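Two forms of a single protein chain come next, each set out by itself as structure tokens; they are called structure 1 and structure 2.
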Structure 1
Amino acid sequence: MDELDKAIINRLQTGLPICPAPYAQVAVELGISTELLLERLQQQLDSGLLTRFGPMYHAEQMGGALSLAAMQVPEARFAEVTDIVNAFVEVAHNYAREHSLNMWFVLATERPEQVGEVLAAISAQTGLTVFNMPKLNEYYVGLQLEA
């Protein structure tokens, strides 16, 4: 990652405009060509520096739901349980964490009742207890980190 990659990531975390040639507008701001911007973005996606690029949809505003859930997974079964959990399209993020509750995942569902359905299915398929931790109040969400 060089200085240009950092500048592109910092600029594009704040949002791509909606206009006929949005990359050209951002390229002008960054003082580079549209072709170079698109090339770098493709490289950043291919290398995993970016996990995705595009609209970030908000499940709750679409009438669906979000929830955080946690499980205590025996180390010997970690890979198997990861495969089971990740196979659900409703699982948007999944992180291993250093704690007895060692797997934490976020569900994003189209309908609110799907949260319970998916967690019940995960519990049934893994034989493990799933702790549902939906948000009760949101004090802040600011997802951006400076590159």
Structure 2
Amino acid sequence: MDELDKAIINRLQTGLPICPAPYAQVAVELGISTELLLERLQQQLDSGLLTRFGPMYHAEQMGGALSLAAMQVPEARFAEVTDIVNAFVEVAHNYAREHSLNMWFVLATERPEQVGEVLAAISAQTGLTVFNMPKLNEYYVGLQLEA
């Protein structure tokens, strides 16, 4: 990663400006062309340097819901259960943990009542108990990693 890639990553972590041409504005801030900014961003995604670039929406402010869930998945079934869980479009991300509850995932639903529906469907398809851990309070950390 060169200095320009670092500058792009650092700048984009603070968000895009709300304007008709946000990438053009960021490119001006970085002193490069819009085409070069988009090319470098695509290269970072293609190489795996970045695994995802996109907006983060506040589901609850849009009428939806978010919830953290966990499961105790037998190691022999971990890949199978991962495929089942990840097939649900409501699963925002899913990861393994070294804990008796070894699979954790976040649900983002369009309506609050869908959280229970999706968790019940996952439980039915996997045959495993899904533990729902809904958010009680929200704290904004503002994490930004310096590239």
Partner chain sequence: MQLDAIDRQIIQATQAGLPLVAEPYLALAESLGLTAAEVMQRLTAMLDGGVIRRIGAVPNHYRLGYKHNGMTVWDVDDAEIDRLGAAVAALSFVSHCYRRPRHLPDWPYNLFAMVHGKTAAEAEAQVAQIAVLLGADCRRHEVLYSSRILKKTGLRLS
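Just so we're clear, the structure is a prediction, and the values are computed from it rather than from any experiment. Between two forms, the rigid core is defined as the largest C-alpha subset superposing within 1.5 Å. Quick note, the numbers are simply positions in structure 1, starting from 1.
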Which of these two chains, shown alone, is the form predicted alone?
-> 2
Answer yes if the Cα of I32 shifts by 2 angstroms or more between structure 1 and structure 2 on a rigid-core superposition, and no otherwise.
-> yes
Hey, does A21 budge by 2 Å or more at the Cα between structure 1 and structure 2 once the core is superposed?
-> yes
Does F53 count as moved between structure 1 and structure 2, where moved means a C-alpha shift of 2 angstroms or more after fitting the rigid core?
-> yes
